[in-house]
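Heads up, the chain below is alone and in the form predicted alone; it's given as structure tokens.
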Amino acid sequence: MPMAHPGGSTHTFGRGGIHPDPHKEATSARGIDDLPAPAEVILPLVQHLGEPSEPCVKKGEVVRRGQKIAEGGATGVPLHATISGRVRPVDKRPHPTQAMAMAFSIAAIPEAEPELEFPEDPTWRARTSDEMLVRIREAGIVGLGGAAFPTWRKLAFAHEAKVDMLVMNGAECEPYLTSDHRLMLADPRAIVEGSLLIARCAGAREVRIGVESDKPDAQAALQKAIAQTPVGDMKVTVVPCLARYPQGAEKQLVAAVTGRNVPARALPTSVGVLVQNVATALAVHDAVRYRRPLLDRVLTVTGPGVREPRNVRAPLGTPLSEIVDFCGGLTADATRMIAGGPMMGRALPRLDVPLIKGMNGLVVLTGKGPLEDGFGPCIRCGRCLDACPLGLEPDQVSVRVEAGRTLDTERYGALDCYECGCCSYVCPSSRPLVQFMQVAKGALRRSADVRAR
């Protein structure tokens, strides 16, 4: 059974975790604002895990919003034009997770045709699993919670693994981020419908939607949508979860919502569960019902370094600089920009990078960064041990990396770490424990590759 919090019926995971200040008030009560179409979009060929997309249009062609411009290959997903305009040469451009990457650029032109039409398929609910998978793949959908794994592949794996339950992730436990919260309020019916489609594709018989307790309005909206939706013989429930970080991590969410424990280095499918994000469910609904590709996404643009924090729906490929300008620009004392949330996001050195499929937020902070004043030695306080949701030993990994004994870290859990950042957050010596874990993981994997040759 899921673990209930001692103070009530709210569910949560077992060990570790932290309660950082949520910093969500600036955007949680504000609806989603639509960004006007930009004059140019930059669409990297790598926006997912898997082989890069392969261009199927040439420079100089005029394309329409919604038109396929790159094929997905055997393991990837296609790419679509997100504005109507003229294709510029594929070239290396700045990328938010890589230094540079090959990318399309499309320049809007006045004479371009409007967006392609995507009429409703009146028999969309009757599509078979195989037919739905084709539509999901052709729509270019990836996990929109941040992982960016091609959704069609994840669903195919889940079907082969014979999962019996779908867990929808509406926890959104990262500080500052509220884009999923606002999507659950804006379109709960489509999220429920998309969840049902995902469950059918995966062969699941039950859907549980995990939503943290600090979002009671989203819980109520989803419950109302479930009551209004023909669910057939599928059991669909909303499970309230304790507002606790990292509640939205797959293993922790599965434990909280189902009571099943995912083994170390295993996927949720090993215990019969598939996890998907609520934003992904909305995209799946649009793909199956309308054959509409993934063209836009909602991201939270917030932090003390942003003048007008908002949740923004923007075409993929929009330069982040334009999105920030739409939010009033940066404050004079802005110092750091993070793609994603502050716990697991990636620092950005520049804003001339495009919005990509896996980016759910842009957080701009002020003041000094966590390592600008350096860090101290491990004082053996054990706080990182208490905070780690996986029961790893970040302190032991860090001191061995510092001592040049990086290959002696596997027994302390280096390869199991998914870099939630709880350890670094609680460390009184401000040690970069996540970065030590990253160094250790990289060294262990390289060593394993050498031994395998």
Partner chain sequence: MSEMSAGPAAPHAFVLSPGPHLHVEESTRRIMWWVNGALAPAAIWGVYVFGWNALAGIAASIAGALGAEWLGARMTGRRTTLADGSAFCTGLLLALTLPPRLPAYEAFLGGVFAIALGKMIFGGLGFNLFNPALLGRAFLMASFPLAMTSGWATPRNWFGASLDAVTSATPLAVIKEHGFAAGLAVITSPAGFWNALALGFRPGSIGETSVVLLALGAGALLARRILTLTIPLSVFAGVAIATWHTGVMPIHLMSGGLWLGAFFMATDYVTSPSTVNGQVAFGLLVGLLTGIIRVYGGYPEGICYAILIANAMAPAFDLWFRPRRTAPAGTPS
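What you see is a predicted model; the values in this text were computed from it and never measured. Positions refer to the first chain, counted from 1.
Another form, the form predicted in complex with its partner chain, is not on view; read the next lines as being about it.
Trainee: Counting heavy atoms only and using a 4.5 Å cut-off, do 325, 370 and 381 all touch its partner chain in the predicted bound form?
Mentor: Checking in the predicted bound form: 325, 370 and 381 are all within 4.5 Å of its partner chain.
Trainee: Though its partner chain is not shown, can you say which of 70, 426, 35, 32 has a heavy atom within 4.5 Å of it in the predicted bound form?
Mentor: Of 70, 426, 35, 32, the residue with a heavy atom within 4.5 Å of its partner chain in the predicted bound form is 426.
Trainee: If the cut-off is 4.5 angstroms on heavy atoms, which of these, 261, 237, 229, 97, is the one near its partner chain in the predicted bound form?
Mentor: In short, 261.
Trainee: Examine residue 66 and determine whether its closest non-hydrogen atom to its partner chain in the predicted bound form is within 4.5 angstroms.
Mentor: Flag for residue 66 set to no.
Trainee: Classify residue 176 as contacting or not contacting its partner chain in the predicted bound form by the rule of any non-hydrogen atom within 4.5 angstroms, answering yes or no.
Mentor: Yes - in the predicted bound form, heavy atoms of residue 176 and its partner chain come within 4.5 Å of each other.
Trainee: With a 4.5 Å heavy atom cut-off, would you call residue 332 a contact of its partner chain in the predicted bound form?
Mentor: Looking in the predicted bound form, residue contacts with its partner chain include residue 332, since a heavy atom lies within 4.5 Å.
Trainee: Can you work out whether residue 355 and its partner chain are in contact in the predicted bound form, taking contact to mean some heavy atom pair no more than 4.5 Å apart?
Mentor: So residue 355 does not count as contacting its partner chain.
Trainee: Only one of 347 to 355, 184 to 192, 71 to 79, 110 to 118 gets a heavy atom within 4.5 Å of its partner chain in the predicted bound form; which is it?
Mentor: Within 4.5 Å of the partner lies stretch 347 to 355.
Trainee: Which residues in 375 to 392 have a heavy atom within 4.5 Å of its partner chain in the predicted bound form?
Mentor: 375, 377, 378, 379, 380, 381, 382, 383, 385, 389, 390, 391, 392 sit within 4.5 Å of the partner.
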